[in-house]
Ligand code: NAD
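Just one chain follows, in the form predicted on its own, and it is written as structure tokens.
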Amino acid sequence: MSPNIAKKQRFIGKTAIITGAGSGIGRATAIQMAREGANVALFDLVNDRTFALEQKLNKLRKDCAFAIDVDTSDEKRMEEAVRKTVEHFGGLDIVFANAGINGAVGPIEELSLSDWQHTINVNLTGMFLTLKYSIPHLKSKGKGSIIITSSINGNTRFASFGWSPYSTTKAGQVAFAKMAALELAKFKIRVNVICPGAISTNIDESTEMSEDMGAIVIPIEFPDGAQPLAEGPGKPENVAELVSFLASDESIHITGAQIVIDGAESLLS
């Protein structure tokens, strides 16, 4: 069997939940996994983008995609969304906890408690709820793969001034993933976390930039070329390739890994 054919069949008969599936990395991953045979539950605040993706994938392969309107930080909606997925597709094999926001950016003393809590709720609580309600179904299958989207910010890079809420959630996701990897290992459920650098996505739409940034920024002169391996930011498809590998049986001995995917961006800062 040729490598291309094998790749296309990696997810035949498997079901994946993808949060933040309507755009960016989530969208690219949903397309790739569907092309490789997976059924994909598209978790997002359902809008025209998410509906368009559902229709696109179902034209690719009949009834392989199911869009569910969900706020991942809302416990009742998350529990119901996971239940609907399992009822619709008959099980669950892969979870890609990808939904997240940049949130409020500014000096710590200028951030409101609601600014802080909103970023925590979406990025950390949303991830927790995604796993909390998915894990029992993975255990019933006897194995599974969980991938969490973190970031280089808060882990290998700390020069994003004003991004303390975001960076805190991203560091927390890495710690959570490593704890979960050990806890779930005996159930043959693998947990890995990816740390992208600059990727061309729509996440900047969720940034709330303070007007007081000038008071805290330390001028830093970066070398030419922010991403040494690329001409500009990476593409969502670059990350989707990594996620699909970690979701597949090709990575059967990889768990608890923290994988940076940034074209060496973080090595410059």
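Because the structure is predicted, anything quoted here is derived from the model rather than measured. Residue numbers run from 1 along the displayed sequence.
The following text describes the form predicted together with this ligand, which does not appear among the structures shown.
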property	result
Heavy atom within 4.5 Å of this ligand in the model of the complex - residue from Leu111, Val174, Leu124, Ala198	Ala198
This ligand: the contacting residue among Val86, Ile120, Ile101, Ile135 in the model of the complex [heavy atom, 4.5 Å]	Ile101
Residues Gly20, Leu45 and Ser150 all lining this ligand in the model of the complex, heavy atom within 4.5 Å	yes
Proximity to this ligand in the model of the complex (heavy atom, within 4.5 Å), stretch among 154 to 162, 180 to 188, 135 to 143, 68 to 76	68 to 76
Contact test in the model of the complex: Ala247 vs this ligand, heavy atoms, 4.5 Å	no
Non-hydrogen atom contact Arg49 with this ligand in the model of the complex at 4.5 angstroms	yes
